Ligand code: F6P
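A single chain comes next, written as structure tokens; it is the form predicted alone.
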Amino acid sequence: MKRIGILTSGGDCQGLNATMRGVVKGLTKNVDDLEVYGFYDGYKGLIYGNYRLLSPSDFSGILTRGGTILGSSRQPFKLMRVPDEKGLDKVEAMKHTYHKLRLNCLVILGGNGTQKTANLLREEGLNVIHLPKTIDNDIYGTDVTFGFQSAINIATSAIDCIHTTAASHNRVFVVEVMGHKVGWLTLYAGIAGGADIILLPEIPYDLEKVIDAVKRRTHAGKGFTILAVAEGAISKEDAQLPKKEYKKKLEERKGHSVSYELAAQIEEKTGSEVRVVVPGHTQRGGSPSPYDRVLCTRLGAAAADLIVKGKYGYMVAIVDGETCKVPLEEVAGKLKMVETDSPIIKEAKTIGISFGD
């Protein structure tokens, strides 16, 4: 008998259901006696014992379904050691639920914060397998995360749609793409969508150089300019501020992101008509792309293989196109940033894309 727990934690994305399906199908084909317990709303279900025994039919027909059949929630890692409002020790509660169900392994699907808690549970003696999920593609130790390609498709489609209206009205458009700390999604969607300017958190921008890039297109007879701007894009001036001052500035924006600030500055300095488009959570929604369906199936199958072999404490990664296991302690807490001198940045600059630096 193998008893497996499974949960999805953090922000949702395309491919969570497909990955769980891959895990369970892989186990069903290779384990004679199997019980799978699904925890609702991420770590919250593990903490408060909100779960149910799942059957193979629960994983049928969900390959193409977005979101997560188990629900999700954000449980900040920095608060995991802090008792809840009733004084409950969250870590001890999770361990209690795990042992109560006599689980052999806990399969955890999530991003960076989720991964850190998974590693914490490993340190506490639980058998865990982590599957790397995030549209940001910022998990260290894997070439790609599931959800990333699906989000690229949606963000690229948004930029594609902007081209015609931008050209019709000779406007400047700022398309805000998700990504607070890293710019992988903005970089790929920006290149794929033919953006003229791409602004990333990793490359603080010089406003004057952004303005110059807009003016150069105007002087060249181009009637419009499209900027792909990450949520976490930051100016060189703001990047030099102490963290407390910058945080205060963000609060003073009153919900308006850097894209609106940038749009106002461009409009003031160029006289151009500027519009802001925010695809927002559409980038997390809908069905997983065919690429992600394949990736999710591979990751799920690889996780099932590790469980069958009794190998725990790993993240299942994609490295050089192959699935592999990476020790959690080697990757937990690390971010995979866009390197400013990476080939893809150099190649984008070669074709004339401005990064405002």
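All values derive from a computational prediction rather than experimental measurement. Note that residue numbering follows the sequence shown and begins at 1.
Not on display, but discussed next: the form predicted together with this ligand.
For the options Lys95, His256, Lys269, Arg74, the one in contact with this ligand in the predicted complex, meaning a heavy atom within 4.5 Å, is Arg74. This chain lacks the partner; the member of Gln115, Ser150, Thr134, Thr225 within 4.5 angstroms of this ligand in the predicted complex by a non-hydrogen atom is Thr134. Contact with this ligand, judged by heavy atoms within 4.5 Å in the predicted complex, is confined among 159-167, 76-84, 135-143, 233-241 to 135-143.
Among residues of the shown chain, His219 is not one whose heavy atoms approach this ligand to within 4.5 Å in the predicted complex. At a distance threshold of 4.5 angstroms between non-hydrogen atoms, His281 is in contact with this ligand in the predicted complex. In the predicted complex, this ligand stays beyond 4.5 Å of every heavy atom belonging to Ile154. Using a 4.5 Å cutoff between non-hydrogen atoms, His180 counts as a contact of this ligand in the predicted complex.
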